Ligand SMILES: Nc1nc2c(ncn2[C@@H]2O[C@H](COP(=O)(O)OP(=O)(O)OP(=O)(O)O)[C@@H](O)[C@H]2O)c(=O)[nH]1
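Okay, so here's just one chain, in structure tokens, the form predicted alone.
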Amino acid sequence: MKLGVVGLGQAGGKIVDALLEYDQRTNSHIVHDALAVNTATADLNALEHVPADARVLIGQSQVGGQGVGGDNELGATITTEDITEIQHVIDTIPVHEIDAFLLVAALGGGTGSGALPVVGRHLKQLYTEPVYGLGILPSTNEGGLYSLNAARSSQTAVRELDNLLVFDNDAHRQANESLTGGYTAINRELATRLGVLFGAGDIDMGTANPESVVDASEIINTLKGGGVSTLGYASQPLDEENGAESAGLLSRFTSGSSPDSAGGTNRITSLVRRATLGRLTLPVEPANVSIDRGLVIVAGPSDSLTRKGIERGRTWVEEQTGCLSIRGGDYPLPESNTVAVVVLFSGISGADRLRELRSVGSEAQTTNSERAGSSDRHLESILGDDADELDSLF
């Protein structure tokens, strides 16, 4: 698939930067065009791969390039007021050459979480291409404000976008990692997952011999219908001598099991299980949630992709989830030395993490309302009869 990718806020920009780096390193060409939108000048300047003329600073008159400080309502307001500035850059994208838009944002922050539904709504009004979102959930230790932002933004984004792929930082950042190092590694590996998923829809038939090709329509149909999605990933190097080195950072996204069998069919079915039962971007137990649609993609050299292995893996996922709308196919990569599996679950309901997020956000909102009410009562006790006169001024 060819994507028009928009990074919103600090985290969104960094992930788009990582996706561009992956695109250049693997020569996958899934990112047709990319831009980054932010209210903070420093965050835009820190990007390495997003072109300078595709970095859009908004809200200069309101916050002067200093960011919105976690205020996602202000982020939404600024985005709405400056949407024409964003559109000027989007107008440079030959939209007829892309299959979909992908908007990327942290759901707990200020600019990204506020901008995500605003930009999504705007693009859907103008274009017929689907508009997907990648929303990053905040860590639980980031505080109630971030959870409240994420609860609000995720619900609005699901309504405004064609589908929201959710990534939970808590499930993937290792405790002994530095904040910067941990998120850098996560962004890189998240780009790998997205690269395999969306790259499968853009196969060069001249250099590949797919058993059961996954094209862009299969991905679009899996994401069609809206809601929340999660993405699983597992891989195994074909060169066993490099197995330990190649597993490296990607081990955080797998179940931690021992290396799989070298047999083609067994290798694929084992990887499908690891991708499904390992660390999904949104942690769920597939058997314990409702899943509307799914897609299994097996990527690697053509001679390692067996139709029997792909079908067995797809059938196993069907049995595990109880979902009868599981598609499956391959993504030939002639130059690759690794077999990788991506499992996409779409239209998820009943995820514990989202229920927890809404609960924390609700508590934070109640606490904020109580504090506001207490302040109002305190002000009235000081002002007495003058309080009504003061209210009339606002």
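Since the model is a prediction, treat every value here as computed from it, not as a measurement. The first residue of the shown sequence is 1; numbering continues from there.
Absent from the display: the form predicted in complex with this ligand. The rest refers to it.
A.B. asks: Of these, I310, I219, I186, V284, which has a heavy atom no more than 4.5 Å from this ligand in the predicted complex?
C.D. replies: Flagged contact: I186.
A.B. asks: Quick one: from A106, A200, I268, V119, grab the residue that has a heavy atom within 4.5 Å of this ligand in the predicted complex.
C.D. replies: Selected option: A106.
A.B. asks: Within 4.5 Å of this ligand in the predicted complex - does that hold for a heavy atom of every one of R193, T230 and G232?
C.D. replies: No, the candidate spot makes no contact with this ligand.
A.B. asks: Quick one: is Y146 in contact with this ligand in the predicted complex, heavy atoms, 4.5 Å cut-off?
C.D. replies: Yes, Y146 lies within 4.5 Å of this ligand in the predicted complex.
A.B. asks: I'd like to check something about L164: if you look in the predicted complex, is any of its heavy atoms closer than or equal to 4.5 Å to a heavy atom of this ligand?
C.D. replies: Result no; L164 lies far from this ligand in the predicted complex.
A.B. asks: Using 4.5 Å between non-hydrogen atoms, is N169 touching this ligand in the predicted complex?
C.D. replies: Heavy-atom contact with this ligand at 4.5 Å: present for N169.
A.B. asks: Classify G70 as contacting or not contacting this ligand in the predicted complex by the rule of any non-hydrogen atom within 4.5 angstroms, answering yes or no.
C.D. replies: Looking in the predicted complex, residue contacts with this ligand include G70, since a heavy atom lies within 4.5 Å.
A.B. asks: Work out which of the listed stretches, 340 to 348, 52 to 60, 327 to 335, 38 to 46, brings a heavy atom within 4.5 angstroms of this ligand in the predicted complex.
C.D. replies: Going through the listed ranges, the match is 38 to 46.
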